[in-house]
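This document starts with one chain, in the form predicted on its own, laid out as structure tokens.
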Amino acid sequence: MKFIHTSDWHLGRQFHGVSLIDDQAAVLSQLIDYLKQHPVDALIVAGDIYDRSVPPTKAIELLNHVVDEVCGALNIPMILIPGNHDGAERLAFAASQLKASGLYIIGSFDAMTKPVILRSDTVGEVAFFGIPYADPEQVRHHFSERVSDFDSAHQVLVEQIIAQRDSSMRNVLISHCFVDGAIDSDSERPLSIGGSDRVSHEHFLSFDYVALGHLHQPQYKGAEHIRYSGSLMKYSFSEQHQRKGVTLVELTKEGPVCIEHLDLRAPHEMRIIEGELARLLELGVSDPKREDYLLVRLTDKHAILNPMEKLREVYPNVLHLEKPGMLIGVENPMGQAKLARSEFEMFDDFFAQAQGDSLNDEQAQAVHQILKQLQK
């Protein structure tokens, strides 16, 4: 049996005020094209389908299109669970009726212990269990168990599933959580503070495959079959070097699970570029990827007039600008810094760029007097 494991689509996300919906549509189109050429037995989405619990209309329309293509045109079952960004009740609307179309949404504790059973000619029946994202308080209230953190909550939930599963068939678990020791990214919303959101991988060891969501970097933790597919595309500049895509999983009749990462590429990559303004402007003219979403770090040590405007003439999608070249010694972790040049030198640079000439003696004297008055 072959299936695709993916997660963290975050449909409807904005990044520095820019909507990513067109990029998300392009990446999902690549996934659909792959499924047309390489049919699989199921598509699993391990949470955070949307970026917020009340998603924008375009995000709903995009998910509707994907479901039409996958479940309708290709007749491939989709299995979804809500993540911490999703509204579980909204996502699971009409879940019972949607099963007939091949869309399975496991959005409640009651649905959690009723697996989606799919059949394959190679391995027979395979049971897919899903754990909808839930805070420890929800687990404690529903099961009347002593639950103090995410780890104990997950232990309770997994035990409920183990009590219902059939050990004679292959069993796949889908969950949205933070496995202890895994690598996180800047774009993930913390589940809690102080480390209480960490979950031990040991709860998952007895399953044939564990499809995880929440962390945006593709990785496994504890065992190779306990795996994050990573997010659909890059959602922060900290992810610029990560490979984004989906995970192809094959359950064989005997032997280990076969796992393969499939790359997907967004129309706009997220990159960090660094250097002096003049050099970056020169390179930008011939940069084949100048349409990427960029964080620019300027190393110039003098004031620059309208650097963002100048950069966007060659790099239209500069989203964030940093000027580390104008700062010196950091005094504390919060990044308090002092200007490397005096107030007069800074104004002198500004005046020269704005007027095309330096301050004359009379103007310089006037600025010095004003600065003395301000400093008093």
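Note that residue numbering follows the sequence shown and begins at 1. Owing to the predicted nature of the structure, the values given are computational and were not obtained by experimental measurement.
From this point on, the text means the form predicted in complex with another copy of the chain, which you will not see here.
- Of the candidate stretches 61-69, 22-30, 344-352, 36-44, only 61-69 has residues whose heavy atoms lie within 4.5 Å of another copy of the chain in the predicted complex.
- S101 is the sole member of S200, Q138, S101, S187 with a non-hydrogen atom lying within 4.5 angstroms of another copy of the chain in the predicted complex.
- For the residues I117, L205, A94, C258, the 4.5 Å heavy atom test against another copy of the chain in the predicted complex is passed only by A94.
- Residue contact check for M308: none of its heavy atoms lie within 4.5 Å of another copy of the chain in the predicted complex.
- Although the partner is absent here, R90 is a contact residue: one of its heavy atoms lies within 4.5 angstroms of another copy of the chain in the predicted complex.
- At a distance threshold of 4.5 angstroms between non-hydrogen atoms, P56 is in contact with another copy of the chain in the predicted complex.
- Contact between Y50 and another copy of the chain in the predicted complex is found at the 4.5 Å heavy atom cutoff.
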